[in-house]
Ligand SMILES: Cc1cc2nc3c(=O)[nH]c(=O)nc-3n(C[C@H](O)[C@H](O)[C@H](O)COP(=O)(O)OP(=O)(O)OC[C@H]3O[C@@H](n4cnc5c(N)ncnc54)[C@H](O)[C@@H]3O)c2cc1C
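Below you will find one chain, with nothing else, as structure tokens; this is the form predicted alone, and questions on how it binds or moves follow later.
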Amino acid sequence: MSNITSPSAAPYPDEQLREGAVVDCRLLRADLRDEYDYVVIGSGAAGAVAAHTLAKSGASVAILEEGPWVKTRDFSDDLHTSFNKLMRMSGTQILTGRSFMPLLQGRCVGGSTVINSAIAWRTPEDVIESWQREFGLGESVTMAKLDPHFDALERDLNVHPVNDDVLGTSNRLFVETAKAIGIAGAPMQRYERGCKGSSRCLTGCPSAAKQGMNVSYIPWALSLGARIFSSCRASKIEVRNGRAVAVHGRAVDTEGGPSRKVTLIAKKGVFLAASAIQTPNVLRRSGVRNSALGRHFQAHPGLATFAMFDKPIDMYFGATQGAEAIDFRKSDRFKLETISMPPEIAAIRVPGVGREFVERLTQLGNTAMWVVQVRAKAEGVVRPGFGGADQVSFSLLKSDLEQTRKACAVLARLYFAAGAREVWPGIYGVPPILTSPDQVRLIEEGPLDSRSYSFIATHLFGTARMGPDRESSVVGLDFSAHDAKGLYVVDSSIFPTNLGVNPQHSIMAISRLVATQVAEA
């Protein structure tokens, strides 16, 4: 079992930290050099689990995190404040291509686990089989190998379906209506302890109930002797004689002061867990030259629809994402989910102008927000951008848009079956307000142009694919980069494809598998 602080021992686990375990690199007065067995780049789902697993084995571990440690008591329900503190580029990142697509990534201790909805899905077996069959992964990643790690994660992080007392009206209505019309709707499985139903996952859980890495595996790793260097960007990994030997970083957000250099010697290895966007560019800066690097980027583009009812829905009480349906994952490559967004975001999608807009805005409490998650076949490219930024180009295929259109129609029919008075598709070229099930055909006949849809990029994959062949992959079957032994890549950049389900659980299980194998070698 993990060294887990009891919830009753302290209000928040991020307040009970070993002295000297946290180095805020914004406050360094001189360059720093230190030495560890392993250096982990990134403190999100992959990095936190790797760090904890390695520390539990008795190894000395350093964690390098580009963002600050924002403590639970400092979380705010103010959207502007939260985005500035918790998200990369304050939430203004975009993918470019046929259309612009917003991209939200956490940039803080805990990474995107601080701002996501803590949804736990084991890797679908058909996905694992396709990786083995089509991409040559063989016995490196199997369900038999992953299942013990899924089991451990679920014990450690208290994975269970959303409790009925915090399901909320929107989530409950989705589940009940889906079942009534033959769709297998169900409550989400999530990482949480004592959810209060505050519906604030996006801006940081105010009660530390959501088991993000900031209140779980990072504090647990620190209690075992690990050390975290926050507000420090990984400049490059030093590779000497074909082996990773150190990580060079630089303090960020120093408010006008000098940006100090941080050098962390890695005696046994480096674990790279910077995400499918940042990882390929860290590898490039480290001298990795590979034709597959940065390519094969995939995602699950998300799209929200709204509906207004004649009764209160109050989507601002309950689990932020509390219900789902995966009936269409294999047949049509999409998944249906519920979600709630802060009013500042939800108001953007309210149709109408003038008095009509204001009247609908006053009835925001009667609206529900249900979403589509598309398992897109499209592939994009991640490259270095200006000023050290990361540039991503990504354009959806016609088949992806056909699936999107079908999914939006399914959601519209689901809304009307639930008793909605109005459905707001939010698709350019389709009426902004639908008032009867007969009008759903307008969605089904709608445009196949990504510019007509308000996508947001979620769940990121590829860019450092794993495989046996250096010409078509970046990481070998031992999870070490082809060009640098001892440099283990453990985030979703190594996934050959996307999954069709939320990836955090898969990322964590694979990271735990790799860290365990390395520690036991």
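In case it trips you up, residue 1 is the first one in the sequence shown, and so on. From a predicted model like this one, the values you see are computed outputs, not experimental measurements.
Form predicted in complex with this ligand: not shown, discussed below.
Participant: Okay, which stretch from 480-488, 463-471, 24-32, 45-53 lines this ligand in the model of the complex, with non-hydrogen atoms inside 4.5 Å?
Facilitator: Contact-bearing stretch, as computed: 45-53.
Participant: Kindly indicate whether Ala186, Ala323 and Thr497 are, all three, within 4.5 angstroms of this ligand in the model of the complex, using heavy atoms.
Facilitator: No, the whole trio is out of contact, none within 4.5 Å by any heavy atom.
Participant: To verify the annotation, which of these, Val371, Ile119, Leu153, Met101, has a non-hydrogen atom within 4.5 Å of this ligand in the model of the complex?
Facilitator: Checking each option against this ligand in the model of the complex, the one that comes within 4.5 Å is Ile119.
Participant: Though this ligand is not shown, can you say which of Val262, Leu202, Val440, Leu293 has a heavy atom within 4.5 Å of it in the model of the complex?
Facilitator: Selected option: Leu202.
Participant: Does any part of Ser216 reach within 4.5 Å of this ligand in the model of the complex? Heavy atoms only, please.
Facilitator: Flag for Ser216 set to no.
Participant: So in the model of the complex, is this ligand close enough to Pro13 to count as touching (4.5 Å, heavy atoms)?
Facilitator: Answer no; every heavy atom of Pro13 is more than 4.5 Å from this ligand in the model of the complex.
Participant: If we define contact as a non-hydrogen atom of the residue within 4.5 angstroms of the partner, is Arg333 a contact of this ligand in the model of the complex?
Facilitator: Judged by the heavy-atom cut-off of 4.5 Å, Arg333 is well away from this ligand in the model of the complex.
Participant: Give a yes or no for Cys108: in the model of the complex, does one of its heavy atoms lie within 4.5 Å of a heavy atom belonging to this ligand?
Facilitator: Taking the distances in the model of the complex, the answer for Cys108 is yes, it comes within 4.5 Å of this ligand.
Participant: Which residues from 489-515 come close to this ligand in the model of the complex, meaning a heavy atom within 4.5 Å?
Facilitator: The stretch 489-515, when checked against this ligand in the model of the complex, contributes Asp491, Ser492, Asn502, Pro503, Gln504, His505, Ile507 at the 4.5 Å heavy-atom cut-off.
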